[in-house]
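This document opens with one chain alone, in structure tokens, the form predicted alone.
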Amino acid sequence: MVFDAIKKLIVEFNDSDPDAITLETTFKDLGIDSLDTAELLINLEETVGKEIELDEEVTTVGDLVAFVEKKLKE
């Protein structure tokens, strides 16, 4: 669920090909910088209904998925 939500946000954010987005895809490959990642997270907060503070570095989509899943369990 988290991966699908993040993937959808990325596609909406920069018109990426959804089939090209995997857990191993880096944000750099997608042309997304750290500020863009923070903006994606804000949009994701609205989707999951919980505030999530990005307090560690994430470089891949999988990193962000794992981070969000961990925060949702807290």
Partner chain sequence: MLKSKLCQLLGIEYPIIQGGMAHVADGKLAAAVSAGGGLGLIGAGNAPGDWVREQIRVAASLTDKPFGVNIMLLSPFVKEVAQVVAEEKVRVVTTGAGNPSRYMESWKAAGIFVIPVVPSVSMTKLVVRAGADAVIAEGGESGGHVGELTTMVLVPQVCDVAGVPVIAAGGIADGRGLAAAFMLGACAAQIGTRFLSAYECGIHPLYKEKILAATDIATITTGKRLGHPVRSLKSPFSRAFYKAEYSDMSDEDLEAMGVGALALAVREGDWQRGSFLAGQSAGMVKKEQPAAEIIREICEEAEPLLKGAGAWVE
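Quick caveat, the model's predicted, so the values are computed rather than measured. Positions refer to the first chain, counted from 1.
One more form of this protein exists, namely the form predicted together with the partner chain; it is left out here, but the text below deals with it.
In terms of contact with the partner chain in the model of the complex, the residue from Asp17, Glu51, Glu12, Glu24 that brings a heavy atom within 4.5 Å is Glu51.
Remark: Leu41 counts among the residues lining the partner chain in the model of the complex, judged by a heavy atom distance of 4.5 Å or less. In the model of the complex, the partner chain sits within 4.5 Å of a heavy atom belonging to Glu45. Contacts between 54-70 and the partner chain, taken as any heavy atom within 4.5 Å in the model of the complex, involve Asp55, Glu56.
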